[in-house]
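Presented as structure tokens, the chain that follows is alone, the form predicted on its own.
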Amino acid sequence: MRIRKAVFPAAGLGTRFLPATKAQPKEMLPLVDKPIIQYGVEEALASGCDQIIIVTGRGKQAIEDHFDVSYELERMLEDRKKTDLLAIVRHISDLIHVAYVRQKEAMGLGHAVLTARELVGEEPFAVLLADDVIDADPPCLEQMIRVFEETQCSVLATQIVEGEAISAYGVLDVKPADGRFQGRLYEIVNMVEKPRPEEAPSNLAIIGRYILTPAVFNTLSQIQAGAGGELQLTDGMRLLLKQEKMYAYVYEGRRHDTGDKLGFLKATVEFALKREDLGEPFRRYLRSLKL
């Protein structure tokens, strides 16, 4: 089995970025000059996924417009001979053919994934959370797909998180997986959602990249809504763990949590510094600041 489909839950309200997200999706906030969600879509494509499924909600029309053809804009750029900008705009609409499914109520990540069931069908698939922008070569999802191709089991991305910050994540209880993948692979024994630091089973946190088998749809259908009336993906995966092996992979790369204001600012600076057209003048500007 190979991973062809990538699901992007994008129905959240983005309240941490109000008022900026009052009238635009948080997934469309620009990291330098590219919307957050486009980084994830490009990662999925670079990793071999050829079908993108975006779970949207009320007020998310801008996401659909972004990945659609913009005839008026293209005609204007063509008439004005702005070929460089025209190439950028066409690249966006040529990237993918996207399928959209509406999550009518914000009932949690587990419910968002379950909403994509009919479009995914009976095959393994990837889930990418756009907030987690991961700068990696090869892409984080590609690394995980290599693990899946060998194990044919669900694979969760993980990274080490020290101290009290661990309580903001789903945390894994694991055992070593016979030294494969340079010791970066672990077999999952259990998982706990947002434990207190003293109760965390390890320092391995679940990050926003998942490869899941279609059996997860059955387990998500069986669990009960938790706090706030939400279906938790962690609960569905915990039930899946009783039926199938699951693995955790410590990916190589740098993660930026753009769902957090400080993380978003840090990511903007780091991505700008890596740009050939912006890096050096921006670096000079930063050095000129009297901090």
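Each residue number is its position in the shown sequence, starting from 1. As the structure is a computational prediction, the values presented were derived from the model and not from experiment.
A second form of this protein, the form predicted together with a small molecule, is not displayed here; the remarks below concern that form.
234 is the sole member of 234, 56, 47, 38 with a non-hydrogen atom lying within 4.5 angstroms of the small molecule in the model of the complex. Think of it this way: in the model of the complex, the small molecule has a heavy atom of just one of 186, 148, 217, 210 within 4.5 Å, and the residue is 210.
Among heavy atoms of residue 194, some come within 4.5 Å of the small molecule in the model of the complex.
Looking at residue 206, you'd find a heavy atom of it within 4.5 angstroms of the small molecule in the model of the complex. Using a 4.5 Å cutoff between non-hydrogen atoms, residue 238 does not count as a contact of the small molecule in the model of the complex. In the model of the complex, the small molecule sits within 4.5 Å of a heavy atom of residue 170. With the small molecule left out of view, the stretch that reaches within 4.5 Å of it through heavy atoms in the model of the complex is, among 98-106, 124-132, 217-225, 138-146, 124-132.
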